[in-house]
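First comes one chain, alone, set out as structure tokens in the form predicted on its own.
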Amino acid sequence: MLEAGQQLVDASQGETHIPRQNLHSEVLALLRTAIMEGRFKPKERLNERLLCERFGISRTPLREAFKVLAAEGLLTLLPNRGVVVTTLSIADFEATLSVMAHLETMIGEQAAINSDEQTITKIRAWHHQMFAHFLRQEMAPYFELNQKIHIGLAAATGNAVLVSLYASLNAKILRYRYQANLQPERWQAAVEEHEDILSALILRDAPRLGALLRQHLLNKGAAIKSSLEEG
């Protein structure tokens, strides 16, 4: 079995080293994506030496990225023992999901009321782009737009505290949300749910949008919980 770090080296297929001015943001993005896509597994230890060789960097920017990912809940820093990919227990997942379900309801209700035409137009465009990626079965760009839509709806509430709390909790389950869509049936269902979500937003139907966002999360949560139980 390959050590963590070697997997990313192999997956890179010979990409060049990161330009020095982009060190922090690029390393952070690459590691976050690798964790989200499941190339680094829960409880897997990251090999600093291999990652530094891959990126052509010193340990300082790598460790800075580790700290950010630890704050997001994706990595766990073990004093004098390195870094491992965080494991989310079923109990922690259910607790997080319970709170997020309430937030989704609030987001839907407030976004429907507070969204202006420019916001709706932007989210509609993201939705159509996302759907195009779904038709081509392009998971990574699909998921990027999916998250733009969800964060965009939260931002449309105009409630900074709600946005911050939602983003923090969402980061904890981000990789599980991504991997749930690897199930073809769930991915198809998620796209259909997003069609209904967009329709409710356009109609500014606050109760319906809140209910749809809540159920969308719970449906995905059921798929995630199943994978956690199998793991």
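The model shown is predicted, which means the values in this text are computed figures rather than measured ones. The term rigid core refers to the most C-alpha atoms you can superpose between the two forms while keeping them within 1.5 Å. The numbering used is simple: start at 1 and walk along the sequence shown.
This next part talks about the form predicted in complex with a further copy of the same chain, which is not shown.
K.L.:
With the partner absent here, would E185, A189 and Q215 each sit within 4.5 Å of a further copy of the same chain in the predicted bound form, counting heavy atoms only?
P.N.:
None of them does, since no heavy atom lies within 4.5 Å of the partner.
K.L.:
Name the single residue among T119, T76, Q147, T96 that comes within 4.5 Å of a further copy of the same chain in the predicted bound form, judging by heavy atoms.
P.N.:
In short, T96.
K.L.:
Considering a further copy of the same chain in the predicted bound form, which of A29, V68, L203, A171 comes within 4.5 Å of it through any heavy atom?
P.N.:
Checked against the cut-off, the match is V68.
K.L.:
Given that the partner is absent here, does R124 sit within 4.5 Å of a further copy of the same chain in the predicted bound form, heavy atoms only?
P.N.:
Taking the distances in the predicted bound form, the answer for R124 is no, it never comes within 4.5 Å of a further copy of the same chain.
K.L.:
Though only this chain appears here, would A155 touch a further copy of the same chain in the predicted bound form if you measure heavy atom gaps against 4.5 Å?
P.N.:
Because no heavy atom of A155 falls inside 4.5 Å of a further copy of the same chain in the predicted bound form, the answer is no.
K.L.:
Does K41 reach a further copy of the same chain in the predicted bound form if we count a contact as any heavy atom within 4.5 Å?
P.N.:
Result no; K41 lies far from a further copy of the same chain in the predicted bound form.
K.L.:
Check L162 for me: does it contact a further copy of the same chain in the predicted bound form (non-hydrogen atoms, 4.5 angstroms)?
P.N.:
Output for L162 is yes: heavy atoms within 4.5 Å of a further copy of the same chain.
K.L.:
In terms of non-hydrogen atoms within 4.5 angstroms, which of the given stretches 58-66, 33-41, 174-182, 194-202 touches a further copy of the same chain in the predicted bound form?
P.N.:
Flagged stretch: 58-66.
K.L.:
Establish whether a shift of 2 Å or more occurs at the C-alpha of V83 between this form and the one not shown, with the two forms superposed on the rigid core.
P.N.:
V83 C-alpha, core-superposed: shift of 2 Å or more.
K.L.:
Core superposed first: is there a CA shift of 2 Å or greater at R32 between this form and the one not shown?
P.N.:
R32: C-alpha displaced by 2 Å or more between this form and the one not shown.
K.L.:
How does the CA gap of E144 and E64 change in the predicted bound form versus this form, closer or farther, if it moves 3 angstroms or more?
P.N.:
Their C-alpha distance grows by at least 3 Å in the predicted bound form.
K.L.:
So the C-alpha spacing of F143 and R32 changes by 3 Å or more in the predicted bound form; is that change toward closer or farther than shown?
P.N.:
Distance between the C-alphas of F143 and R32: longer in the predicted bound form, by 3 Å or more.
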